[in-house]
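Shown below, as structure tokens, is a lone chain in the form predicted on its own; questions about how it binds or moves come after it.
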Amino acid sequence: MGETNKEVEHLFLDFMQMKDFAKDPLVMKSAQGVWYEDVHGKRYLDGLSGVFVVNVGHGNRRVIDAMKQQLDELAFAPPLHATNMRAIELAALLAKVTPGDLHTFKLLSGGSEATESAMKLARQYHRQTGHPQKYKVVSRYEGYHGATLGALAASGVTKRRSTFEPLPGGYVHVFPPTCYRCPYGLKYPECGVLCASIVESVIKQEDPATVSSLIVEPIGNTGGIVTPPKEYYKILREICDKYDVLLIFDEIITGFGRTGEMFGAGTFGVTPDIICMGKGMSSGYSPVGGIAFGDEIAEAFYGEASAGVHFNHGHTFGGNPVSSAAAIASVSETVERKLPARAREMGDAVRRRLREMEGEGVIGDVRGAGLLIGVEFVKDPETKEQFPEGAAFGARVGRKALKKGLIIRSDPHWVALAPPLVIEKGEVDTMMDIFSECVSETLKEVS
């Protein structure tokens, strides 16, 4: 393994210090179902679906075979001149599962491309419908929409933004609907869902004639699986309609069954103007993403070539035939195996185990939907007092879990559990046994 330690120095991985990683690198060799295996033969239960991606599980033969067959036929189509049959088939399939009239698609390579494309689509739409001054984007603090500059500017995660500031202008942030720790010091429902209604005040202060879109994750990841009250998105929908602001749902994580419905839009009963998709779209077998939008928006981009109203945007690998084949197989698996319903069932099993752990006295809040579950740790559940920042309770739990063969998402005060939607009940129990053990051990260390 010494040679691998040396070779890993040629890589920069996501959000980690390579000097530390290279001392004892984790290198995966294979995966099947909900399990990874590293180069040493150690197995890891994938409690995070890679990174909220592998919805249909690892080693899915349907997806693999579809990709192999497509490679034999056509690996790349000329994007400036043509499309391909798999891209056409994928768009038709997506039109059957997206909400409302969101039946037109721009196929892309991943999440950051999707959010960038959505915000650019909104700007050009307003320009071509008589409102060229509408360019500003409203988003939320603690939200994350991708690593490219526009997506990062819309994001509200300080530790990921500050290194690259100043970022592009025209982005305005509001506080997220964090009911457990309300940024306004209020309590639901007496609060009147101020976190939603205040968006109207922000739009008015910015001047509605300058605001193009509002982009939000139905359930926010980086803020700790932030899950709003049921009225929240209905209020946002009404505000956006009132001021001609396009509502964009960033469903890179919440899409394709993760929340117990095909999209988070279904979970909250609200149809946005644009949906951004990626991750579970192909379950990670090939890079793919896209945006879905409605008939009224699409109509603004149809016209004579001389009018120049086409969507002035493109990416080399958008609609790639191999990626499209993978996405068709993955989405078909999700629908035919009823994986959204399975996410609800297995998510309920996880929550039952978490309730059994409440006796530990450190679980303050359990959030999320389906198999997207956040757990916030506190020193005192009654007062919601957090552990000292240096204790990094959640991060410790995450490190212990990795050593014991469980992959989860962890931050200093919270963790996320999001295994593949194909997980079995016995595997849920194994995951939660390890998790419970890690919480107990961490509690002994910090007490």
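The first residue of the sequence shown is number 1, and the count goes up from there. As the structure is a prediction and not an experimental result, all values here were calculated from the model.
Quick note: we don't show the form predicted in complex with a small molecule, though the next part is all about it.
- Interface residue among 252, 121, 326, 292 relative to the small molecule in the predicted bound form, by the heavy atom within 4.5 Å criterion: 252.
- Interface residue among 104, 286, 84, 112 relative to the small molecule in the predicted bound form, by the heavy atom within 4.5 Å criterion: 112.
- Segments offered: 264 to 272, 175 to 183, 235 to 243, 104 to 112. Contacting the small molecule in the predicted bound form at heavy atom distances within 4.5 Å is 104 to 112.
- Put simply, residue 377 is far from the small molecule in the predicted bound form: not one heavy atom of it is within 4.5 Å.
- In the predicted bound form, the small molecule lies within 4.5 Å of some heavy atom of residue 146.
- Interface membership of residue 140, defined by any non-hydrogen atom within 4.5 Å of the small molecule in the predicted bound form, is ruled out.
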